[in-house]
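Only one chain is given next, in structure tokens, and it is the form predicted on its own.
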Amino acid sequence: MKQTNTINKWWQNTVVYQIYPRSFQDSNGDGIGDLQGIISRLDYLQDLGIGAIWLSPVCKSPQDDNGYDISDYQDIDPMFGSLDDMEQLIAEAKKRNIRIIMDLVLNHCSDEHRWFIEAKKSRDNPYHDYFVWRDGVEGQYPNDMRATFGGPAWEWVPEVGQYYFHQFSVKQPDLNWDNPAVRREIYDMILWWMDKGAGGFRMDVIDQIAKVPDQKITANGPRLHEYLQQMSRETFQKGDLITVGEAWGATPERAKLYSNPDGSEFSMVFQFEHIGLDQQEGKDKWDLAPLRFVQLKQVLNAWQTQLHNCGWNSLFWNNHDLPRIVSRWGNDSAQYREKSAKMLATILHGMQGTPYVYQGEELGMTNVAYGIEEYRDIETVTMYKERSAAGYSHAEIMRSLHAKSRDNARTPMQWNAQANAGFTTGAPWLKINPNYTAINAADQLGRKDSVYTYYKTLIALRKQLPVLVDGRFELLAAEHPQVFAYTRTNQTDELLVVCNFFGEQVACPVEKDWAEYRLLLTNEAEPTDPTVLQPYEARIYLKKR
């Protein structure tokens, strides 16, 4: 098979580590993680082997939506530090061959951004057309569109006698990308960050920038790819960056445009098709259901095969909005937590694409089971009130929260078994998971059989084995109800990944001449009979072609 030249970017054999700055490491005792705290932990990340850090938003913000409401794109929020701290982080990371990926919110900004403050003054103000306005009468909305966070998607401003459009919070007015001046401001800001040394950008809800509210179009508007390609030409293509677009509505076909190897749009997109497979069909994430395992294999198989040589995948189980994967689809009991965490990592890191490790995932950190008064996430608190009013029982609501609350991912990083898990000398902004004395980095760094060491090995393998980067994916035993198995194949090697996704021993459905395969990695203490898989057993084999 003729080799293509689509595998030639640094980010195709690297692993990205996502940091939620508020919860990673506090340096000044105020209970909130900060940039200096991240700087102090760069050696840990270098040891792990990651090549880039995606920072959840650190730009200046009133924090109405955890920093996704930016009031100044070219400054740092004081809770995290200063612009000098940011420049130091970029420089210190660079010394360790780690790039910093900024999280940019380009669909909307904060209502406290100077653009919007000016826009509200009059219809003649040059900034007025930076936002999406419609004429109307107070109390009579332009249409019946609803905001994602509840309520109408329109807000009346008496000073101008118009409504502005907001897809999210009322404090997050949507930017008008149809205005070339808005696009120019955004491009200049991105170039400014590139000059500061930013190694890439993750763009929040980027598929919604070309909205047409009069036609009730939010995602995938008619000018979307025109805007993305112009942005890429004006900014990204002037540097060697990793660029990631968040696109909840992406399909493999759309992803071929987003992640075209010619670099005309992004390096890759985040897609979430696999994330909704453990909720009741047609319901929301709080309506729990067993994971549809065979469908999970089908979804991941489609993305792997349809993007091969014509696009690029983002690989993730966790992020700041999702529960901990070892509690969600693994087994967080004392007996199986580490083993199932390694199994889940094996499946993900064996695939084609750029893997993302969310802080604490490499330790097998788990979900929490707090009382309602201990949660901080606005979505969680709102859901409790709404479902209580709708007649759901307290026990039923808490079961859903313990499974799916975003605070599961936001509990502070567990560094050691000392007070506050080594995260802060003060009072942490969010309660620390009580299991930190058993699950922490200090314990795992010193153990050859730890989850951390296993992740470190997987990350190193991606750099050592080209087949992990360029190999063609083939799903095996597609309908098997318990085993996730596949091969990755290039001109010289065949990689075989076999994993038992569940807690019961099972006969291995993959039939091979096992003598031809060398066992590269397993989460079993001792290699076992290849024809039988123990609970949560994972194996990676290599065969020369």
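A residue's number is simply how far along the shown sequence it sits, counting from 1. All values derive from a computational prediction rather than experimental measurement.
Quick note: we don't show the form predicted in complex with alpha-D-glucopyranose (GLC), though the next part is all about it.
Of the listed positions (Y127, Y227, F168, Y164), a single one reaches within 4.5 angstroms of alpha-D-glucopyranose (GLC) by any non-hydrogen atom in the predicted bound form, namely F168. Contact with alpha-D-glucopyranose (GLC) in the predicted bound form, judged by any heavy atom within 4.5 Å, is made by just one of I190, V105, A153, A255: V105. Contact check for E338, T411 and D443: none of the three has a heavy atom within 4.5 Å of alpha-D-glucopyranose (GLC) in the predicted bound form.
alpha-D-glucopyranose (GLC) is not shown here, but in the predicted bound form it comes within 4.5 Å of a heavy atom of R202. Taking non-hydrogen atoms only, E246 approaches alpha-D-glucopyranose (GLC) to within 4.5 angstroms in the predicted bound form. By the criterion of a heavy atom within 4.5 Å, E265 is excluded from the residues contacting alpha-D-glucopyranose (GLC) in the predicted bound form. Using a 4.5 Å cutoff between non-hydrogen atoms, Y68 counts as a contact of alpha-D-glucopyranose (GLC) in the predicted bound form. Listed stretches are 131-139, 153-161, 316-324, 298-306; the contact stretch with alpha-D-glucopyranose (GLC) in the predicted bound form is 316-324, by a heavy atom cutoff of 4.5 Å. Residue F149 is the sole member of 133-155 found to place a heavy atom within 4.5 Å of alpha-D-glucopyranose (GLC) in the predicted bound form.
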